[in-house]
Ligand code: UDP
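Before any questions on binding or motion, here is one chain by itself as structure tokens, the form predicted on its own.
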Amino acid sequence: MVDYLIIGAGYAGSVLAERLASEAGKKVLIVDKRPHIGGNAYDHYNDAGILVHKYGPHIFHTNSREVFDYLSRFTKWRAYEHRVLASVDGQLLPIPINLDTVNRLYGLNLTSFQLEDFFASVAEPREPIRTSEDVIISRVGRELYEKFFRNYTRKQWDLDPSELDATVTSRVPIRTNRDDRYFTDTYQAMPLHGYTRMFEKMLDHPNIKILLNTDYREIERIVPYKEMIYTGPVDEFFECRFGKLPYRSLEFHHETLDKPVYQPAPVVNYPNEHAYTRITEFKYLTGQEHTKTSIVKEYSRAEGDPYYPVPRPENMELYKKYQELAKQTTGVHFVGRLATYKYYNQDQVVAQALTLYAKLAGATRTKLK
């Protein structure tokens, strides 16, 4: 008998397994249908000996001291601030849009104060802000929206920004200074020896057993357990009773090139050209020195492993039906991006898992009393 059967060995499942095993003394079995731990953050050394992220770039950043300190138990860090360029009108320009982006795009020499006036002059007020198109056009006007956002969003989501919730583009800031960092969080770093090594240390406990290449439905009836923690797609748990929740998937084309450097930035976005959305060069992320380099091109797809919940009102209404079912399902705890149908950064999933652990630990202490 195990205390907890945990479905999924990504961040949510691994953090909860570690806490329940090491802090609460619980026996845990983690089951994952993939052949590895770490979920989408999994990284490995390819045939050329270059450390790559199998499922696209994963950049760690957080403002939470609690989350950073927790993960620091399992890894040392390499300081890293992420930077992205966008290929627009034959130039590679900083994204998020900043002072240098506008000056180089239009051949201007604006100051930060003048850029504020420039944005005000081209912005088209939208009230209320409902869609991703509203967000951008109300801040920087239609032309910059068309050059940097509209086609990229169409490729990523197969929907026009006017059909997507405002949360999609509101995640990307607009700056009037020269700060070209993609994130501005207090803690920005990469696991020194990679994500997989960090997960291995997290799960290295005698109370934790791991079963890979396995569909949990094959063993849930033969392995006795007290409670379940589920991190997979919530609609699949309930056998799509109300219909399938829409997700976008990704297809990754990895290449190893016989040159030390391929592009001038860790990530280059292609909003208006090519079928792929972006190219990532991993050596920037990892700091690895190698005579060759490895890149990945990302293609957005309608079918495949679920990555991004599609943020539209009708989808949220459908999710609420599953959410209500989840609340009524005793002995099962739903946690993580897929189980709660919401896009989370890595640190947000860790925080959600730590919050659930505190709740579970509190319930255990109450029972003991």
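Being a predicted model, the structure only gives us computed values, none of them experimental. Start at 1 with the first residue shown and count on from there.
Omitted here: the form predicted in complex with this ligand. The next part is about that form.
Exactly one of the stretches 156-164, 105-113, 200-208, 221-229 approaches this ligand in the predicted bound form with heavy atoms within 4.5 Å, and it is 156-164. Looking at R278, you'd find a heavy atom of it within 4.5 angstroms of this ligand in the predicted bound form. This ligand is not drawn, but in the predicted bound form it has a heavy atom within 4.5 Å of T169.
For L71, no non-hydrogen atom is located within 4.5 Å of this ligand in the predicted bound form, even though that partner is not displayed.
In the predicted bound form, this ligand sits beyond 4.5 Å of every heavy atom of T286.
Of the candidates T75, S294, T131, N269, N269 is the one whose heavy atoms come within 4.5 Å of this ligand in the predicted bound form; the others do not.
Annotation for 91-112: the only interface residue with this ligand in the predicted bound form is I95 [heavy atom within 4.5 Å].
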